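Below you'll find only one chain, the form predicted on its own, shown as structure tokens.
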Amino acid sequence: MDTRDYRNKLISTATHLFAERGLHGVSVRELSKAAGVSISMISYYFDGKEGLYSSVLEEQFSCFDYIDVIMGKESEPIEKIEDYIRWSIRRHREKPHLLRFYTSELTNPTRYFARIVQPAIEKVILILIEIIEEGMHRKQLRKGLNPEDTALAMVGMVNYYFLSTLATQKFVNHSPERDEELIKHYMDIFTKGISEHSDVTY
């Protein structure tokens, strides 16, 4: 096994264990045993358990950079919103442990939150706000929206769909085969609302 293989094996093993039990719930001995490597390898490649955890967070949250691709597209704000929803669903499908790190770091942040997690989330929210503001300016989104609240609602809607899987599996179909239908429904909610009458005020 070469250097890259050792490193990748440790990252893969640690991702599962840290997602399940958190930084402080896993010992170096457990990590080395599960990965099938000596304890010294963790120090050699990551300078210890916390360095390994930091590397896992960086790997998990690196996918958030895709928001730059969405923002850079020559497309309408509404299309960018659909791209965001589609990417969010794909992100959760491809990185099933990400949501655990996301919620764990938000509710019980480690010292890596400010360096890795917060900037990643902040960038996504700020770009979504910019997209929403552009949509309002182009009259594709209604006047009077609060861009910050709208961005947070959009992020929360997709994240909670996956966060609630265990609690809602008896009555919600969470199958990947339904993703296109889900995207269509979410776009319908965001572009038309849920009221039967568009003139309803609150």
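Counting begins at 1, following the sequence as shown. Quick caveat, the model's predicted, so the values are computed rather than measured.
Although not depicted, the form predicted in complex with the DNA is the subject of the following passage.
Contact check for A34: no non-hydrogen atom falls within 4.5 Å of the DNA in the predicted complex. Proximity of I70 to the DNA in the predicted complex falls outside the 4.5 Å heavy atom cutoff. Among residues of the shown chain, Y44 is one whose heavy atoms approach the DNA to within 4.5 Å in the predicted complex. Among heavy atoms of S38, some come within 4.5 Å of the DNA in the predicted complex.
Contact residues in stretch 46-69 (any heavy atom within 4.5 Å of the DNA, taken in the predicted complex) are G48, K49.
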